[in-house]
Structures are given as structure tokens and as C-alpha cells.
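One chain comes next, on its own, written out as C-alpha cells in the form predicted on its own.
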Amino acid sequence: MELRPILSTLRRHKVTACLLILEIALTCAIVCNAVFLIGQRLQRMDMPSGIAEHELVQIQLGHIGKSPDAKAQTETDLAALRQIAGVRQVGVVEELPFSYGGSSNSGLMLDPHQQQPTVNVSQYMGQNILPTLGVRLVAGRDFGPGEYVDLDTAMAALKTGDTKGLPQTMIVTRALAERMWPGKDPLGQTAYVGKDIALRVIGVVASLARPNMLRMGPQYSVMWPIHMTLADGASYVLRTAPQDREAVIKAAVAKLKQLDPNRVVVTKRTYDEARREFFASDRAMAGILVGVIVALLTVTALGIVGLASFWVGQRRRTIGVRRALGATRGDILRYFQTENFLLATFGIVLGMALAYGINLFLMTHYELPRLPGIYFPVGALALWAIGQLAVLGPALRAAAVPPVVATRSV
């Protein structure tokens, strides 16, 4: 189709055409970045934790102050929880992957004299962590009974500088091992926390996500052999069959209340519930962005329909003349579709530039990654398709105008 008549017509309606182009450009820019953000949220929500998520139950009790018999009480509780029907493993864990709360982190160094840590890691402390959480050990071994130290002992040793009271071994994730010792066997390697605390790697696990992970990143996690109690802020974690979790929660709470009726249960939930709670804001944000995308595309489509309908009404005489000179209904239909395609193309080109600018702003102020190039053609195809569908109704009405009716309106 000859484009010159279409461009000539658009030049006579510069303001209207520019407004539509601007609307399409803004929609393109916002939709491209919104779809990208939705993808980021969904990817974050789908991040593997490295644990047996559907088999875990968490129970946390409230404590005020430090009880002198906290360790003995914890051992009594663990022995009682192991007797509950359906319970496979019981452990004491300070924190779980994807859980709100204070995340323990430290800098890990290859050389104790480094000025800056080689990498920042999240710390997991507690008893019986690997078998309870279902973390897969890919090399080395789990902690032995003689390697554990009490948290109080470790804290006192830190104050006095006596390294004998501190853990001497650790278990690391495969991602951390590859980061610290690329191309080497991590077993037996030594890393340092501060200048004096040397820790030897005795085991490597496939993966273990960091607690309270606020953004995407490598799974740089370590496990220390430190005994924890509920008074230290830890939780009891029970591993059972997925179908037995609710029954195990009720039985475990009843058993703990039986041992001490005055204790307050702060948390009792499955890990699935904990994960859903952690990612609730991500789901909400994804839903809001979907709503924004739908609203913008709807407004843009309505704008195209309104403008095309207005132009059809304004051009009835021109349409009638063209029909009288031999133009078919298909010619009229293609005219309006081509006109809309040109307007959409101008808007998409401008919108891609705006999308890139918005992404640079988000990268600078919110540490988001660069917008992948695949989103530009996808956004362009979506807007072209919406534009063609939106203009189809007015274009069909224009094609249906009989020549005799159009000429009588002169």
C-alpha cells in the first residue's frame, strides 16, 4: 500500500497523532519494565531453598531472659519430640531459609591478614541440621558430637580470645566452595572469620539458601557446630511425611505444653506456610504490576478505538470518494490498519528508548539488573497486536460505508 497518502493525512492531524504516539510510547516503556519486574519476582519466589520443604514443621517457644537449665530443657524436649508418631528427625535451628528475623552473617577470608572479607556468608547454627532439614551432603561428612560447642562457651571465648572454645570446623555450600577455592577440593581447606578464628571445611552441601534473602544472589551459606537452645532464639524443627505435618504440629505442641504448661508457643507452622509468608509481598507486587499492565493496555486500546472511530466519522466523504473510484472494502480496511501500524511503530520506537531510560534509573537507585533485550521485541509485538485488534472494529465500519451513502453526505 502507498504510504504517502497516509503520512499526508497524519501530518494534517499532528496533535492527535502525536498524543496517540506518546500514549503508546509510555505504555511500551512501562509494560516492558513491569513485565521484567514480574519475571524477577517470579524467579525469586521460585528460588530453591535446598531443604525438604514439604516435610518440615517449625515450632518456636517464647522466652524471657536466659534460663540456667535451658540446655537441659532443650535435651528433654528433643527426647520427647522424637517419640511422637510420624517424626523422622528433630533438630534445633537458629533460622531457616526464607525466614524473617535477624539473619546471622559474617565475613569469610582466605587470609587472616586481609583488609576486606573474601565473601559475606550467612551462618546456620544448631543441632542435627543436615538430616532434619534434608540438606544433601555432596562431599565430606556431618559434624561429630565432639565438634559441637555451646553458644555461651563460644561467646565467652570470643571475649577472652581463647580460640579453643570456638568451633574448629564448618560445612559450606557448593556455591561458596566454588567461590572460595575455585578448581580445588574444598575439603580440608581453611578459612578465617576475623584474624584469629580458623575453620576447616569438613563437608559440602549441594545448596542451602540464605535466610532473609532480600534479593537474588549466590547461596553463600555455612554451618557452624554450635549448640543452640530455645532461649537463644532457636526453633524446634521436625521432619515428617507431608501428610502428617498437621498432626505432628498438634502432638508436638501438646507434648511441649505437657512438659511445661507455662511456656508460650510463638510459632507453629509448616515450612510451606513460612515460605508463603516470606514471599507474600512478592506475590502482591506481581499482582499489582499485572493490574497496571492490564490497565495500561486497556486504556491504550480504548484510545486507539476512540481515535479510529473519530477519524472514520471525519473521513466518511473521503471513504465514499475512494469507494466510488473503485477502492474495495479490503483497501479501506488495510488503509486504517496500516495507519495504525505506523502510529504504533513510532510509539514503540520512542517507548523502547523510554524503557531503557527507566531501567537505567531502576538500576541506579534500586540495584535491579539490566533489562534483557528480549523484552523489547516482545513488547513491540504485543503492542502491534493490540493496536491491530483495537483498530479492527472502526476499520470494518469504515470498509462497510457504501459509496452512495458517503457521497450523499457531501
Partner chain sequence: MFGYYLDLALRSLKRNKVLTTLMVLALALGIGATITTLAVLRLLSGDPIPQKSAQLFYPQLDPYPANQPFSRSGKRVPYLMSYIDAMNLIHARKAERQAAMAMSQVKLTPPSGVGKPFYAQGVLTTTDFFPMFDAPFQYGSGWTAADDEGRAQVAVIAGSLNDKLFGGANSVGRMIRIEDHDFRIIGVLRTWAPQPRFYAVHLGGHSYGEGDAVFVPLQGARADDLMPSTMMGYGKSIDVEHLETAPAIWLGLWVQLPNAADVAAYKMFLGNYAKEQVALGRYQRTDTALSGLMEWMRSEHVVPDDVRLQAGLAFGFLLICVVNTVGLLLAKCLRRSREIGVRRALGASRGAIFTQFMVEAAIVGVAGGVLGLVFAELGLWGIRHQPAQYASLAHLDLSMFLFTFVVALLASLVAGLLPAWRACVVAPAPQLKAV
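All values reported here derive from a predicted model rather than from experimental measurement. Residue numbers count along the first chain shown, from 1.
There is another form of this protein, the form predicted in complex with the partner chain, and it is not shown here; the text below is about that form.
**Q** Mark Pro48 yes when one of its heavy atoms lies within 4.5 Å of a heavy atom of the partner chain in the predicted complex, and no otherwise.
**A** Although the partner chain is absent here, Pro48 would stay clear of it in the predicted complex, with no heavy atoms inside 4.5 Å.
**Q** May I ask you to state whether Val253 is within 4.5 Å of the partner chain in the predicted complex, using heavy atom distances?
**A** No, Val253 is distant from the partner.
**Q** With heavy atoms only and a cut-off of 4.5 Å, decide whether Pro186 touches the partner chain in the predicted complex.
**A** No, Pro186 is distant from the partner.
**Q** Given that the partner is absent here, does Leu19 sit within 4.5 Å of the partner chain in the predicted complex, heavy atoms only?
**A** Close contact exists here: in the predicted complex, Leu19 approaches the partner chain to within 4.5 Å, heavy atoms only.
**Q** At 4.5 Å between heavy atoms, only one of the stretches 241-249, 135-143, 81-89, 302-310 reaches the partner chain in the predicted complex; which one is it?
**A** Stretch with heavy atoms near the partner: 302-310.
**Q** Looking at Ala198, Leu259, Ala295, Ala324, which is the one with a non-hydrogen atom within 4.5 Å of the partner chain in the predicted complex?
**A** Comparing distances to the partner chain in the predicted complex, the residue within 4.5 Å is Ala295.
**Q** Within 4.5 Å, heavy atoms only, which of Ala380, Leu37, Ala70, Ala52 is in contact with the partner chain in the predicted complex?
**A** Of the candidates Ala380, Leu37, Ala70, Ala52, Leu37 is the one lying within 4.5 Å of the partner chain in the predicted complex.
**Q** Using a 4.5 Å cut-off on any heavy atom, which residues of 7-40 would contact the partner chain in the predicted complex?
**A** Val15, Thr16, Leu19, Leu22, Glu23, Leu26, Thr27, Ile30, Leu37, in sequence order.
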